[in-house]
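Just one chain follows, in the form predicted alone, and it is written as structure tokens.
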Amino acid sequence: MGSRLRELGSGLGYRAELAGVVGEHAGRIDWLEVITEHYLFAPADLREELGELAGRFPVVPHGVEMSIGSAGEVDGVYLDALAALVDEIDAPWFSDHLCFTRTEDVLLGLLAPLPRTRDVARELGRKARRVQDAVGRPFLLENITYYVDLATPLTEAQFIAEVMEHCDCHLLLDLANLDINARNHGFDPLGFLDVIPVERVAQVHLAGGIDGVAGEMSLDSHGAAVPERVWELLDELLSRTAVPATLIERDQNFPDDPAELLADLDRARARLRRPLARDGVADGRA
């Protein structure tokens, strides 16, 4: 369990608005992540675009509508299409969220948190194994942001750790989500890292959001530069374990000047290259 995956380096979430940045600055981008559903049942021109990207970069599909936490099994048609897509671009892995996005009758339009119980975690682990087997590549599960925290037997970190006990999948740790949840719900993000199996983290998401003021909640917008708090969490994570890949996410407020995005890519890459000291502190850490 938790075997090491391919080292991809510092990547960028591909969006149509960033096509020019990707084309002009390919040498500073190690890999790309695409939204699975943008291409899964897409017309030929979009699949051709994806093939061109995969010819230049390693490309990882990142899903938002698998809804592994919904009742019943993950849709078989969806999984067959996902397996074909992953094979088509020779993706090193694929990912989706630890959540549900629909009920039997309703599409929620959001990533909804799950009841954090051991029974639910066990069932999710079983379903994650089935998904990974069906697609035939390593499967990563991502922590989400949540704005209502219901009373449950397990903390978020305990729940994630319990899911990992029941599958051999990996984690996509979104450090922006961790930072926002910790501030909104009043827990210690370093304590969160103490509980989850950090050795199972294969990829990290880095993004900026909207800081809450005057008692308001902070929001996960993917619309700003990566804040210092999130970089500090990355430093802490990398002092505990090696991570094969980081990714800069931007979904809105795209900067006119790509220097900001490129600087974040370079900053993440530099951190990945720092050696891990025996005492758990990276050599040369600022």
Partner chain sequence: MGVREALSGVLTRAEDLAMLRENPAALRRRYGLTEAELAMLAGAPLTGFHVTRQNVRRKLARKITSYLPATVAELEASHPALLAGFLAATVRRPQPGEGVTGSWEAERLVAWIDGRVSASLSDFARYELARVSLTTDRRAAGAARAARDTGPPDTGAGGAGRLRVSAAVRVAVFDHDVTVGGPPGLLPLRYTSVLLKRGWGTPAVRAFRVGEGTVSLLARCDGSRDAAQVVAAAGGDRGQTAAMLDRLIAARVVLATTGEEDRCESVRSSNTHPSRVG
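Positions refer to the first chain, counted from 1. Not measured: the values here are computed from a predicted model.
FYI, the form predicted together with its partner chain isn't displayed, but the following is about it.
Item to complete: Would you check whether its partner chain, in the model of the complex, lies within 4.5 angstroms of a non-hydrogen atom from each of 106, 150 and 252?
Response: Yes, the whole candidate spot contacts its partner chain.
Worksheet item: Though only this chain appears here, would residue 211 touch its partner chain in the model of the complex if you measure heavy atom gaps against 4.5 Å?
Response: Output for residue 211 is no: heavy atoms all beyond 4.5 Å of its partner chain.
Item to complete: Answer for residue 37 alone: is it within 4.5 Å of its partner chain in the model of the complex, judged on heavy atom distances?
Response: So residue 37 counts as contacting its partner chain.
Item to complete: Answer with yes or no whether residue 55 is in contact with its partner chain in the model of the complex, where contact means some heavy atom within 4.5 Å.
Response: No, residue 55 sits far enough from its partner chain in the model of the complex that none of its heavy atoms falls within 4.5 Å.
Worksheet item: Hey, in the model of the complex, is residue 117 touching its partner chain, heavy atoms inside 4.5 Å?
Response: The answer is yes: residue 117 has a heavy atom within 4.5 Å of its partner chain.
Worksheet item: Among the candidate residues 125, 189, 138, 113, which is the single one with a non-hydrogen atom no more than 4.5 Å from its partner chain in the model of the complex?
Response: Partner contact (heavy atom, 4.5 Å) among the options: 113.
Worksheet item: Which single stretch, out of 231-239, 24-32, 45-53, 256-264, brings residue heavy atoms within 4.5 Å of its partner chain in the model of the complex?
Response: Comparing against its partner chain in the model of the complex, the contact stretch is 45-53.
Worksheet item: Heavy atom within 4.5 Å of its partner chain in the model of the complex: which residues of 69-93 qualify?
Response: Going through 69-93 in order - heavy atoms within 4.5 Å of its partner chain in the model of the complex - the hits are 69, 70, 71, 75, 77, 78.
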